[in-house]
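Consider the single chain below, provided in structure tokens and representing the form predicted alone.
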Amino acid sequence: MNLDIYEKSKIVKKKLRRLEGLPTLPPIVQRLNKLIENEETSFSQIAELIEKDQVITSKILRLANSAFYGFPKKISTVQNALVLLGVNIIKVLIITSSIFEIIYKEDVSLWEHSIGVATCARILAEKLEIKEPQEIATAGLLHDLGKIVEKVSFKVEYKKMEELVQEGKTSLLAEKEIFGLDHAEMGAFLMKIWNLPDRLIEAVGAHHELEKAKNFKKESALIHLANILIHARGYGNSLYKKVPSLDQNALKILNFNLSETKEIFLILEPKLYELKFFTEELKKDIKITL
């Protein structure tokens, strides 16, 4: 093992444990965890706790009603959101609600790419009949969490990494050279700290290297494919200057034929159009809070 790379990754992980440069978890999360652990807790009790925080409530309802979850009817209450999305996803949305705004403020193109992947992931999950497609959409939303962590918490190192990419090195190799780990590993590590579901953690951590997936191969392959399709569509942007390489194993794992891509894009396109309006609404909200 390259000791320099190993030492770099240790430093990065130590910093992530302290969440330097990132928002701390809302106090409501600890209370929510206690409620969830109690099997006798009802949705109404959980909703009542969440609704005490108006800011988090508005963020949850905004995200629950966005096109990447694709519900036909408007979700007007936290309890409805809990019933439709489940406790796990609501917990994720609470924990990461402030992260989404940071992503938007730091890099609008990366935000658009992330919500595009979330939407595409849900469509693929529904077509391939993978259980809980809304949870898959949430994994898509978080798949590049590590990139925003790099930008927010490692500003100097991030500039060095960008220079390597401009010199022709792939972004994954540049990340590993500078940070000791890539953005997928970084995002998954942070999600472990937040105690998010293993299904989401593995899908995010393995979406560039499918061989890392142990228990959730389909989910990881699906996020990998959704990421490729959104890059090919050109919705949003990330460090990649061209469409990343497609791992053919993803197609085998999912039993997906590339000839089916046209059908996916036909469903996806109007959703991406809707998301443009969602992005504009978010922009207005953020300007108000600044």
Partner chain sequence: MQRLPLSYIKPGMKTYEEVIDANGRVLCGKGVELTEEHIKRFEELGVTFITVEGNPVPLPWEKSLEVELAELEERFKGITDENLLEIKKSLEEFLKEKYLESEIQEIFKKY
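Positions refer to the first chain, counted from 1. In this text, all values refer to a predicted model and were calculated from it rather than measured experimentally.
Form predicted together with its partner chain: not shown, discussed below.
Three-residue candidate spot H231, E274 and E280; every residue lies within 4.5 angstroms of its partner chain in the model of the complex by at least one non-hydrogen atom. Its partner chain is not drawn, but in the model of the complex it has no heavy atom within 4.5 Å of G168. Using a 4.5 angstroms threshold between heavy atoms, L258 counts as touching its partner chain in the model of the complex. Put simply, I11 is far from its partner chain in the model of the complex: not one heavy atom of it is within 4.5 Å.
Using a 4.5 angstroms threshold between heavy atoms, S245 counts as touching its partner chain in the model of the complex.
The partner is not drawn, yet in the model of the complex one stretch among 200 to 208, 177 to 185, 69 to 77, 116 to 124 has residues with heavy atoms inside 4.5 Å of its partner chain: 69 to 77.
Interface residue among L251, A47, I56, L32, judged by heavy atoms within 4.5 Å of its partner chain in the model of the complex: L251. Residues of 130 to 163 that come within 4.5 Å of its partner chain in the model of the complex, judged by any heavy atom, do not exist; none qualify.
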